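Below, in structure tokens: the form predicted on its own, a single chain.
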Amino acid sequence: MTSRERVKTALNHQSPDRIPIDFGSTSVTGIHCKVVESLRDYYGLEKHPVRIIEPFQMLGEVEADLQEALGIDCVSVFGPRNMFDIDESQLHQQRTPWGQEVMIASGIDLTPDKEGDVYIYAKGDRTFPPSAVMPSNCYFIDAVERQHFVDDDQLKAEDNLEEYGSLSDEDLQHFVQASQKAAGTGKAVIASFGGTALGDVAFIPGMGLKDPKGVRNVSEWYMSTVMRKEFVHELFDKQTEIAIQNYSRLWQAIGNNVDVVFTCGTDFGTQNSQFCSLDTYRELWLPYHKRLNDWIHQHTTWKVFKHTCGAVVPIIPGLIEAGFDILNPVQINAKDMDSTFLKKEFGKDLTFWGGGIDTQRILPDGTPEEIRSHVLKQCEILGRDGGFIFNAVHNIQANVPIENVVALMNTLNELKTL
């Protein structure tokens, strides 16, 4: 099987020749740039500064040579600008606070201030206050909330729609070219077109806006889902309308060069509970998720990828009802997220994209043998009868020992021969 055939077989809940593998195709299935550099060194690949493909989490590009070494079956299509609305086509070399040389968007300066903090500015414009910060001794970036006073009498959905709009011809052409290039690899193509994550708190602060209006504080946003439901409905309705218009143009231009679309990264779970009940999900989110997913299924060949961390078992029936095909990251270390239970209860309806290894305890702290045993067990449970793409529980973080990452990769290589 080709990589693309392998992934599509698994997505259709059939057994491929081996379990498909993804590292790097999305912003939630990636590897921190520090670990990417260590992997390149381990496999004896060409030495050069790792490119940062997602600066918010400092994810490194998994280039074709490393994909080959790791047996990866998926490739990405990202937008022309990052979360700070900075052009990703223009790069410069920078040294990270931990001393690594990287290639990053030219509008980002990784030079720390006297306190050791690195500030990021929307659109790279330093005439406005920073929209994000990498605190001293950290390995990724946090949003800086710039919430104005929220006057409910003056609050308009348009304030929270400033960063969403019709796809420009230039952006459309970027996606066409990127999709064609990705499809030419023979791997499954995962596209992150943007604009469809309803209420994702990573986007609520508006890090790409110089002076964001509306509800831009995460706590204020969660209160809005209780206190301002009419506002949330209006916002979701208009955002979904814009998204469908954009997806229509994208499908016409790209077609089946894309296999999967990552539409939503809104988290509904904590480690032990949920941010909302299933009833609240059905009231606020489901009508708009279903509207977009139904359009995708009726008009395209794409599968729909849903990311939500946490203990989301009570929410999963709603996600299935909404028409999501894929659940990520499958946080097996959260309450009630038992792999055997998940596969039995929901495995016919959802493809599990992740859950291959616990990244909170096993990957950073386990021995190589514990990692091997854990990965083999997860693959046996989740990989039965297809419906499973191997990935970790969210991104591989900066300080995971390289020998543990290598143990993971060696186990995946071992699985290919079984």
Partner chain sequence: MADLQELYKAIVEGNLNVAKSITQEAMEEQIEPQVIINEHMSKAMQEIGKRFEEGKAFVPELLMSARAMKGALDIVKPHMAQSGTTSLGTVVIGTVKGDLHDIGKNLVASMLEGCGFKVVNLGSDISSDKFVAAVKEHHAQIVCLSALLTTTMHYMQKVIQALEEEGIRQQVKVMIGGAPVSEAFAHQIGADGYSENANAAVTLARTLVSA
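Residue numbers count along the first chain shown, from 1. Please read these numbers as outputs of a predicted model, since none were measured by experiment.
The protein also exists as the form predicted together with the partner chain; that form is not presented, and the subsequent description refers to it.
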| item | value |
| --- | --- |
| Interface segment, criterion being heavy atoms within 4.5 Å of the partner chain in the predicted bound form, picked from 47-55, 353-361, 34-42, 384-392 | 353-361 |
| Partner contact for residue 274 in the predicted bound form: the partner chain, 4.5 angstroms, heavy atom | yes |
| Residue contact check: residue 234 to the partner chain in the predicted bound form, 4.5 Å heavy atom | no |
| Contact test in the predicted bound form: residue 251 vs the partner chain, heavy atoms, 4.5 Å | no |
| Partner proximity in the predicted bound form: residue 404 to the partner chain, non-hydrogen atom cutoff 4.5 Å | no |
| Residue among 346, 295, 128, 140 with a heavy atom within 4.5 Å of the partner chain in the predicted bound form | 140 |
| Heavy atom within 4.5 Å of the partner chain in the predicted bound form - the one residue of 218, 320, 176, 91 that qualifies | 218 |
| Partner contacts for 205-237, taking the partner chain in the predicted bound form and a 4.5 Å heavy atom cut-off | 218, 219, 222, 223, 225, 226, 227 |
